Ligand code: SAH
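One chain is shown next in structure tokens, namely the form predicted alone.
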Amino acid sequence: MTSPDSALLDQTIHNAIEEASQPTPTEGVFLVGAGPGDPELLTLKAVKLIARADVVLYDRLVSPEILALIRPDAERVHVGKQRSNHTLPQDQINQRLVDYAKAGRVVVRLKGGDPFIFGRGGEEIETLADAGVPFQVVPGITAASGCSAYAGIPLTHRNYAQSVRFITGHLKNDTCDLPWRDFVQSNQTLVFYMGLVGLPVITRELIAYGMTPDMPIALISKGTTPEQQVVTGNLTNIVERVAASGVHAPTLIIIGEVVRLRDKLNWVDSWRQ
């Protein structure tokens, strides 16, 4: 069995982008997941729509390599958010999507990760539905699956975890008021999005509700990118280790016995050596 020629594959992808960039009768708004960081994790449908759009509203975590796929004559609108620092309030983003679409433009709302996993995609298409604007949703690889894979930490494993929970560490009211008791279960992996600031609270509350203090935990910074950093420890020492590492957002936190597998399954560092 022969391997496909890499140059041929590159040309095929290039041709698909070129074809997609040609004018089409497509209209409405496309919510497109940009994935966790590595531009090669984009879906082909995402690539085609980004190249086709008249206007792209994008988040701060969308990489320059992905933004380079936008047509040179297309309008780019940065609507990124950071903690307590939003370029545009969410309701204004929603309304802009409506206004651009009703002006007859092909609109891509480009979101890091997956639009429906802590991406406010549901809020945005509710507005579009109420306004009678046609829309489509293109899933992306969410941070939990992308970052865990690139860190060598399987979220489920028959010997360690039969379930996984995705949790936001940053609530709408800026608190970390969560159902902690529900999280303290055996054979379960916890994944906290946007949990860097709340890490001391997360570890304290899990221990307070009965999780063993030596439960393994990993914090992944800038996952799937060349700047990826992974800090591991347990619930009692991870805060100190993260502080010493100097890592920055975006981060993802994984808690569970599966973290013990990282030393054995860490394929990314070995490939980069």
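Numbers follow the displayed sequence, beginning with 1. This is a predicted model, so every value here is computed, not measured.
Heads up, the form predicted in complex with ligand SAH isn't pictured, but that's what we're talking about next.
Enquirer: Within 4.5 Å, heavy atoms only, which of Tyr160, Phe118, Phe135, Phe183 is in contact with ligand SAH in the predicted complex?
Expert: Spelling it out, the residue with a heavy atom inside the cut-off is Phe118.
Enquirer: Does Val47 make contact with ligand SAH in the predicted complex, using a 4.5 Å heavy atom cut-off?
Expert: No, Val47 is distant from the partner.
Enquirer: Decide whether Arg52 counts as a contact residue for ligand SAH in the predicted complex under a heavy atom distance cut-off of 4.5 Å.
Expert: The answer is no: Arg52 has no heavy atom within 4.5 Å of ligand SAH.
Enquirer: Please run the contact check for Thr189 against ligand SAH in the predicted complex: heavy atoms, 4.5 angstroms, yes or no?
Expert: Output for Thr189 is no: heavy atoms all beyond 4.5 Å of ligand SAH.
Enquirer: Does ligand SAH get within 4.5 angstroms of any non-hydrogen atom of Cys147 in the predicted complex?
Expert: The answer is yes: Cys147 has a heavy atom within 4.5 Å of ligand SAH.
Enquirer: Among the candidate stretches 71-79, 127-135, 107-115, 88-96, which one is within 4.5 Å of ligand SAH in the predicted complex when only heavy atoms are counted?
Expert: Only one stretch passes the 4.5 Å heavy-atom test: 107-115.
Enquirer: Looking at ligand SAH in the predicted complex, which residues in 126-140 have at least one heavy atom within 4.5 Å of it?
Expert: None of them.
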